[in-house]
Ligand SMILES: Cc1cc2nc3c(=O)[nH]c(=O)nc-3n(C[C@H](O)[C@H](O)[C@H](O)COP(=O)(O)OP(=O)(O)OC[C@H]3O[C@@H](n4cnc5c(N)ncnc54)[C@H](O)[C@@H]3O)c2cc1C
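Consider the single chain below, provided in structure tokens and representing the form predicted alone.
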Amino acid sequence: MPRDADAAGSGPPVVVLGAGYAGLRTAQECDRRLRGRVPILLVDRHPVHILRTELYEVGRIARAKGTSAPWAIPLDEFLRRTSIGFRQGTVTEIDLEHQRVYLDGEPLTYAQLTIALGSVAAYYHVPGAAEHTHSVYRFTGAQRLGAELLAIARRSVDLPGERRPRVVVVGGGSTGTELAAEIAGTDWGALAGGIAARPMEVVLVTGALPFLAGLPAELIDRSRRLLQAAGVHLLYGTNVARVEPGRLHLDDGSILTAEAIVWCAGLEAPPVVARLPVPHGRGGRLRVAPTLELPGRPGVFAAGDVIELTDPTTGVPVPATAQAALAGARVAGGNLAARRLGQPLREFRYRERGVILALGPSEGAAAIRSLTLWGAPVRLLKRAVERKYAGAVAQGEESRVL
């Protein structure tokens, strides 16, 4: 298990809340700059770093039979090469006025702070959505979905006539797109023990927003073709009105029945972040200055999915992606140390390196610089990038998602 906090120095530590892509990189960069002169404490409710960008791979997760090893790196593998301390606990309150955070109700005083608590599924007040859908934004949710899909495959042999089990995925962003392709392309019968399971009918409800909004047009077109080739049915232009067990009501009055419904329609800030008395953006995200510092709160930074920031040079919002989280966290960690040392702060300028979408176990599409690529080599490229990142984190090294 990772060691407890105050191993380096004395006095209130520099605290980083969250050990995801943004939090882990922030702590790493701050430690590199401070070189053990100031105690740094990383806080998370789990003692592992979850590879969240890979949780759409529910087929592989189901095949793992409950083990989290491929998707969860123990934090002690990372922290033992640093002077960063760790404390496990759930953040229940952040008191900016008195420089305290509460972990399971217990107070912890900080000197400087970075909030990198990630995001949670946004249900937009759709009745029944939270209660009657699956989610893959957390590892436990991906495990539950994988187990449910295996059970559906086993039951499919008893369906009447030629009916196929239907899975509906809600959300036309990258997560919903990758998940729909993964479910359609997985041999669930083989995973269920070699039974003659019927292929699953996968419906992707993209909603009223454009499919894969914000991505290059050629990448969108290629992704659409690959999804259709995999047997995914795309349903455009209508939102979900309410969800019942096994039934999805759309706002055009139509109803979709399904064996499983998965919600990938968007993200928002966790409640503990959304209720902070500071400026917020969409979904409760924290509005930050270009230095990633909270306005009017010197020494308090935020990074990753939890922030809302428009790049002043491009006018484009920084996306809630792992690539952006890692890039921003490097600035947040450096500025966290700079505040402690009385040095100037640096502004964050995000530059997209490219986008890679996995569209099933053996297909993919990518936009890298001015090129659009697709096919099996792209899928292999994405897996190589994911493995490189996982290996670098485990070694405590500089790493990139792309």
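The shown structure was predicted, so the numbers you read here are calculated from the model rather than taken from an experiment. All residue numbers refer to positions in the sequence shown, first residue = 1.
Below: the form predicted together with this ligand, not depicted.
Q: In the model of the complex, which of the stretches 183 to 191, 153 to 161, 129 to 137, 209 to 217 has residues with heavy atoms within 4.5 Å of this ligand?
A: Correct option: 129 to 137.
Q: In the model of the complex, does Phe348 come within 4.5 Å of this ligand, counting heavy atoms only?
A: Result no; Phe348 lies far from this ligand in the model of the complex.
Q: Would Leu55 sit within 4.5 Å of this ligand in the model of the complex, counting heavy atoms only?
A: Yes - in the model of the complex, heavy atoms of Leu55 and this ligand come within 4.5 Å of each other.
Q: Mark His46 yes when one of its heavy atoms lies within 4.5 Å of a heavy atom of this ligand in the model of the complex, and no otherwise.
A: His46 belongs to the contact set for this ligand.
Q: Residue-level question: is Lys382 within 4.5 Å of this ligand in the model of the complex, judged on heavy atoms?
A: Lys382: yes, in contact with this ligand in the model of the complex.
Q: Out of Leu117, Leu149, Val318, Leu248, which one falls within 4.5 Å of this ligand in the model of the complex, going by heavy atoms?
A: Spelling it out, the residue with a heavy atom inside the cut-off is Leu117.
Q: Between Ile356, Val38, Leu41, Ala62, only one gets a heavy atom within 4.5 angstroms of this ligand in the model of the complex; which residue is that?
A: Residue within 4.5 Å of the partner: Ile356.
Q: From first to last in sequence, which residues of 14 to 34 have any non-hydrogen atom within 4.5 angstroms of this ligand in the model of the complex?
A: Those in contact are Gly18, Ala19, Gly20, Tyr21, Ala22, Gly23.
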